[in-house]
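Take a look at this one chain, the form predicted on its own, written out in C-alpha cells.
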C-alpha cells in the first residue's frame, strides 16, 4: 500500500491559507447539462470531461491558450529504439485521500481506460503496451511513430489504483453505476464534497494540490438548469454567478445590466447531422433510403444554413464544410466548400433515387446539449419536409441520448464534435473510421459509415511527420467523405458565457470551464 503523506497535506493547507487569505468565496455556476458521471473513463463527452478536469488530472493538460503543458508528467520524449513516448512523472503528488501518486496508477488507469467497458478507449488505439520503467517513468509503446500522441491524451485522467480497486470500481460503468459514478479521488485542484445528480454538485479546494493556486474560491457549487430562460433569470437575480451557455437572444439583455458581462467566442465544435449508413431498415420498418448517396446528397442540399444562422442562431455561427473548423490543424482548404442550398436539386436527387414522392423518417436530437439544438432541428425538419423528406422529430435530454444512439434508435441524428487533439485526425479516428472494437476505432461512428480508403489512410496520417504529405492524405479523406456525404456538417458552435462583472474566468476554445482560473473580486 502507498504511504499517506499527511505532513505534506498539512503544509499545503497552510500555504493555501496564506495565499488566499481568510475570505470565503463561494462560487455558483450553471449549465444546461449535468455531468452524468464522475467516472473519468465512463463517458467521452464534453460536459463530463470538462467538469472532471477540475478533480482529476492527466499526464499532460491544456493551458489557457489550449497548448499542451506538463501535469502529472514533467516531461515526455520519444522512446529510444522503438515507437512511442516516455513520460517522466511528477514526484510528491498526492491523491485527495492522501495516497501517493506513482507509475502503478498510470498503468492501472491505462488498462481501465482502454478496456472494452470504457468510452474513451479510442484514445489508445495507437498503443500496443504500457511499460513501467520505474516508479516515476512510464513508456507508452505505439504501433508506429505517433507525433500526436501526447496531445491526444490531454483528457486521460489518472485514478488511484488502490482506491478504485478497493471500492469495486476497477472497470468503468458506462451504462450502469459503481462507486466511481458518484465519488471521486483525483489529484486535481478541487475535490468532490457532495453530489446530488441533476440537482447540485459541490466541490472544495484540494488543499494538498501540488501546483500553484491561482483561484480564490472556498467552495464551488454546480447546478444544472435545463431551461435557458430560468438560467438567465437566476444569473440576473444573483442566485448564480456564472452560466454557460446563455441563449443568443438574451446576450444584449445581460450586457445592458451594469453588474454583468457576456464572454463571446467560437468553439472548435462542429454541429452536424449523421446517417444510419448500415441500417437495412428505418425505425418504421421500411427500407432505409439513406444507404443511397443520392438521398444523403438531397438531405444536404435541403439545408439552408444561412437561414438557420439568421433565424435560429442570431448570426453567431460560421458555416462548416467538414468535421473540423477552419484554423484547426489539418483543415482542408482544398475542400472548404459546402453543398449549396438548392431544393430543386434535392427533389431531383430524390426522384432519381426512386423517391419522387419522398419518404418519412425519424430525426433524433438533443434538447439540452447544444446551443438552440431543439430549435435547430425543428428548422431543419421544415427544410427536409419542403423537399419531400418528412422528418418526424424527437428531442430528448442528453442524459438519455447517447444510450439511444448506441442502441441504433435513430434514422438521422444530431451530433456536435470538438477534436480533442485540435487536429483533423481526431474525428477521422472517432467518427469516420469503420467501427472496430478490437482496434478501439470508430467509437462514436453511430451510423457506422465505412470506407476502406479512409480506414487505410488513418494510420498513415497518424504516423506521417512531413506536413505536406500528411495534409495531402487528410485532403483525400475530406474529399472522399464529402462525396459520400458521411455527415452533413452545419456550423461551428459559438461560445456564449455570462457572468457577474466581479468574476474573472478563462474562456477556452474547447468550452471547458476550469475552476482553477476563477477569481472573485
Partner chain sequence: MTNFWNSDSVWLFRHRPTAIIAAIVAVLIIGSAAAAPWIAIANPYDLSTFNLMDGLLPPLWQSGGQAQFVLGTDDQGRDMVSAILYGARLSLIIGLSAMAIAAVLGVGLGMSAGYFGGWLDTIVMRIADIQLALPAILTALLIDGIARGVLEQETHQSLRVVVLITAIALSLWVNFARTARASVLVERNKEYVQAAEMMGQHPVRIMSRHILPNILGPLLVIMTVDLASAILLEATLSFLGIGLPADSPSLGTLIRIGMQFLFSGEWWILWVPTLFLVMLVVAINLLGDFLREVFNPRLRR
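Numbering follows the first chain given and starts at 1. What you see is a predicted model, and the numbers here were worked out from it, not measured in a lab.
Beyond what is shown, the protein has a form predicted together with the partner chain; the following relates to that form.
**Message:** Quick check on residue 253: any heavy atom within 4.5 Å of the partner chain in the model of the complex?
**Reply:** The answer is yes: residue 253 has a heavy atom within 4.5 Å of the partner chain.
**Request:** Spell out, yes or no, whether the shortest heavy atom distance between residue 381 and the partner chain in the model of the complex is within 4.5 Å.
**Result:** Output for residue 381 is yes: heavy atoms within 4.5 Å of the partner chain.
**Message:** I'd like to know if residue 385 sits close to the partner chain in the model of the complex, meaning any non-hydrogen atom pair within 4.5 angstroms.
**Reply:** Close contact exists here: in the model of the complex, residue 385 approaches the partner chain to within 4.5 Å, heavy atoms only.
**Request:** Classify residue 133 as contacting or not contacting the partner chain in the model of the complex by the rule of any non-hydrogen atom within 4.5 angstroms, answering yes or no.
**Result:** No - in the model of the complex, heavy atoms of residue 133 and the partner chain never come within 4.5 Å of each other.
**Asked** Should the three residues 66, 211 and 266 be counted as contacting the partner chain in the model of the complex, with contact defined as a heavy atom within 4.5 Å for each?
**Response** No residue of the spot touches the partner chain in the model of the complex.
**Item:** Heavy atom within 4.5 Å of the partner chain in the model of the complex - the one residue of 103, 312, 93, 169 that qualifies
**Value:** The residue from 103, 312, 93, 169 that makes the contact is 312.
**Message:** If the cut-off is 4.5 angstroms on heavy atoms, which of these, 161, 347, 316, 364, is the one near the partner chain in the model of the complex?
**Reply:** Only one option qualifies, and that one is 364.
**Prompt:** Looking at 133-141, 325-333, 229-237, 72-80, which lies within 4.5 angstroms of the partner chain in the model of the complex, counting heavy atoms?
**Reply:** Single hit among the candidates: 229-237.
**Prompt:** Since the partner is left out here, which residues of 261-285 would have a heavy atom within 4.5 Å of the partner chain in the model of the complex?
**Reply:** Contacts from 261-285: 283, 284.
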